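Take a look at the C-alpha cells below, where one protein chain is shown in two forms, each on its own, as structure 1 and structure 2.
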Structure 1
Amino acid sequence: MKDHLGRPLVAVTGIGIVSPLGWGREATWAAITAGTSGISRIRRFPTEKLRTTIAGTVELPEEAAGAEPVSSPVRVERMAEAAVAEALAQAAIGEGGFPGPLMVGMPPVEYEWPQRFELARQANGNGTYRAATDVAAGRSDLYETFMFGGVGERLAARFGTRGAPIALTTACATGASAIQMAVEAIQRGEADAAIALGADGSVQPEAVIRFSLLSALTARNDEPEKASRPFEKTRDGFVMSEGAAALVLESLEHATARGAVVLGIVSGCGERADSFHRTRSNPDGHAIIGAMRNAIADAGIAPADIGYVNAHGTGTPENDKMETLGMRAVFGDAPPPISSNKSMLGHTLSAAGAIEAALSLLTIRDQLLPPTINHVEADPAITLDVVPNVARQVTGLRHVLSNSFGFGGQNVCLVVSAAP
C-alpha cells in the first residue's frame, strides 16, 4: 500500500460536484458526456454596456424562487457545503465528525457593490474606503461574511473536521492546490483522511469587469452555448463560471480497513511557478512543462502511461497555445487525447482544478473521454487530438493527467489513476 517513494497511497472514496450543469456529481457528469453547454446569459445583475454578458452560473434554490442574489462568499459556502455533503455520503464517512482536516480552495473575498453602496449611503454619500470602514464599525455581519477564512471555519464546524481548516488561493490552480495539500498531508502521515475542496462563485459585476479589462473573456454573447471554444481556431477568450467540487481522500490502508469503496487514487502531484507576467506564462513554457513532468514523475510512471489529459483549456489564444507547447514537450510526437471540460462548464476559476480532477476520476470509471464541444474549425497551430464535439469510449485507461495553469504563473498538475 506504498507508492514508489515509500509513501502511503492516497485513495479517493467520495466525490461531490456542483456546477452550472447541475447540483450533483452524476447530473454534471451526464451533461458533460452528452456535450451539453452550461453557459447562458447573466440574469443575476444588469449587463447593459458590459462587453461580456454571458457566464456559467449556479442559482441557489432561493434565488430560483425569486430571492435577491447573494454575495460571492455566501454562494461559495453554499455550493461547497453541497459538494462536501455529497462526497461524504458516497464515502460513507464522517457521521459524527470527519477524521481529518479540511483544505479549502476558494477565491479572494472583498465586499461587493451592494455593500459599498449601502456604506456610502450611511456615510452621507462619501464612497471612500476610509469612510466605509468608519461606518462599518461594529458590523460583525460584514466581517464574518467577507473574512477570507470564514468560509473554511464554518464548513469545518459543519462537518466536524479536525484541526484548523486551511484556506488557500492560487488563481486558476486553486482547486488542484487544495488536493495537493491534502494528498501531501496524508503522505507525510499527518492525517489518515482529508477533505479537499475547490469552490468559486465570482460571477458578480466587478469580477466580470476586471476579467474583461484583462482581455481574458470572450464577447461572443449572441449564442452563449457556443461561446466557449477551447483549442478551436476562432477562440477569443474564456467564459467565467462557478461551481464546487470536493474529494474525500484517505490513505489506501485506512480506506481498505474500513471497507470503503475506492474510486481511484491521486498518484501524482506536480507544481512549478514562474513570475513572468500577471496573466501570461513564460513563452519558453518551462513552468507548465515542469509541472506536468513533475506530476508524472511523482506518480512513478512514464509519459506513455498517461492515456488522456484533462486540459486546462480555457479557450484563450495564449493559454491553448502554451498548453499545446507543453503537451508536445512532455509527450513528444504521440501525445494522448486531450479535451477541455471548460467548453461546456466555462472556467470555474478557483473551483476548476477540483472539478476537473473529479471529472478525471469519472473518466476512468466509465472509460469515457469527455468531448471538447464547439469545435467547428481546427486550428493548424493546435496539433492535438482534442476529442472534438462527441465523447469517446475507450478501454484500458488507467492514468489521467489533469492540468491547472493559473494567472501569475501558478501551475499545478495532478495524476489520477485507477484503483490498484
Structure 2
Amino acid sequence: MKDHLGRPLVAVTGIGIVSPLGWGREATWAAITAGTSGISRIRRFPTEKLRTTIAGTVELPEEAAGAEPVSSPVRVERMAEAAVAEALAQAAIGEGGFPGPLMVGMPPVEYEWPQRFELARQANGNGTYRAATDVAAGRSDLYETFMFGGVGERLAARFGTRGAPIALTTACATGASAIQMAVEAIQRGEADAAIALGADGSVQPEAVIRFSLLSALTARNDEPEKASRPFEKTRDGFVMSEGAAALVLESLEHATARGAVVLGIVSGCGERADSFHRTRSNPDGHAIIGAMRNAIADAGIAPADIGYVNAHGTGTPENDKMETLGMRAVFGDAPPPISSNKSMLGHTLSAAGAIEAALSLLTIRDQLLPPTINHVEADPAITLDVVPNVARQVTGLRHVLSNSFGFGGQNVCLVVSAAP
C-alpha cells in the first residue's frame, strides 16, 4: 500500500460536487457527459453597462425563493458545506468527528458593495472609510464573515476536522493545490485522512468587471450556452462560474482497513511556478510543462500511461495555445485525448481544480470521456483530440492528468488513477 517512493498510497473514498449544473455529484456528472451547458444570463444583479452579462451561477435555495443574493464568502461556505457533506456521506466516515485536517481552497474575500452601501447609509450618506469604521464598530457579523479564516473555521467546527484548517489560494490552481496539500499531509503521516475542498462564489458585479477589464472574459452574451469554447477557433475568453467540490482522501491502508469503497487514487501531484508575467505563461511553456512532468513523475508512471487529460482549457486564446504547447512537449507526437469541463461549467476559478479532479475520477469510474462542447470549427493551431461535442466511451483508462494553471504563475497538475 506504498507508492514507488515508499509513501502511503492516497485513496479517494468520497466525492461531492456543487456546480451550475446541479447540487450533487451525479447530477453534475450526468449533465457533463450529456454535453449540457451550465452558462446562462446573470440574474443575480443588474447587468446593464457590463461588457459581459453571462456566467455560470449557483443560486442558494433561499435566493431561488426570492431572498436577496448573499455575498461571496457566504456562498462559498454554503456550497462547500454541501460538497463536503456529500463526500462524507459517500465515504461513510466522519460521524462524530473526522480523523484528519481540512484544506480549504477558496478565493480572496472582502466587503462587497452591498456592505459598503449599508455602512454609508448608516453614516448618513458619508461613504468614507473613516465614517464606515465608526458605524461598523461592534459588527462581529461582518468581521467573521469577511476574515479569511472564517469560512475554514466554521467548516472545521461543523465537520469536526482535526487541527487548524488551512485556507489557500493559488488563483485558478487553488482547488488542485488543496488536494495536493491533503495528499501531502497523508503522505507525511500527519493524518490517516483529510478533506480537500475547492469552492468559489465570486459572480458579483465588481469581480465580473475586474476580469472583464483584464480582457479575460468572453462577451459572447447572445447565446450563453455557446459562449465557452475551449480549444475552438473562435474562442475569445472564459466565462466566470461558481461551484465547489470536495474529496475525502485517506491512506489506502486506512480506507481498506475500515472496508471503505475506494473510488480511485491521487497518485501524483506536480507544481511549478512561473516568473514571466502576472497573467500569462512564459512563451516557452517551461512552468506548465514542468508541472505536468512533475505530476507524472510523482505518480511513478510514464507519459504514455496517461490515457486522458482533463484540461485547464479556459477558452482564452492564450491559455489553450499554451496548454497545447505543453501537451506536445510532454506527450510528443501522440498526445492522449484532452477535453475541457469548462466548456460546460465555465471557469469556476478557485473551485476548478477540485471539480475537475473529481470529474476525472468519475471519468475513470465510468470509462467515459466528457466532451468539449461548442466545438464548431477546429483551430489549426490546436493539434489535439479535444473529444469534440460528444462524450466518448473508452476501455482500459487507468490514469488521468488534470491540469490547473493560475494567474500569478501558479501551476498544479494532478494524476488520478484507478484503484489498484
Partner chain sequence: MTRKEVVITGIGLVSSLGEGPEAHWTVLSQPGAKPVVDEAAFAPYAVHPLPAMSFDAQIPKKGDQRQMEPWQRLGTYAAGLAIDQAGARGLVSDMHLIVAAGGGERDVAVDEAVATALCATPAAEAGAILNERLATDLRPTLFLAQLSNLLAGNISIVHGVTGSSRTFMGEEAAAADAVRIAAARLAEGRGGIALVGGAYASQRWDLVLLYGAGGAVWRGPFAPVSARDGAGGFVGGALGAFLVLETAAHAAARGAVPLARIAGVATDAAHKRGGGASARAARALWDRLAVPDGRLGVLSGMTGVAEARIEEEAFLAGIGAAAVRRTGSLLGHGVEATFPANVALGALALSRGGFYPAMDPADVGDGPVDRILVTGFGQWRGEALALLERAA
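Remember, it's a predicted structure, so these values are computed and weren't measured experimentally. One-based numbering along structure 1's sequence throughout. In this text, rigid core is short for the largest set of C-alphas that superpose within 1.5 Å between two forms.
Between the two renderings of this chain, the form predicted in complex with its partner chain is found in structure 2; structure 1 comes from elsewhere. Comparing the forms between structures 1 and 2 on their rigid core, the Cα displacement of Val135 reaches 2 Å or more.
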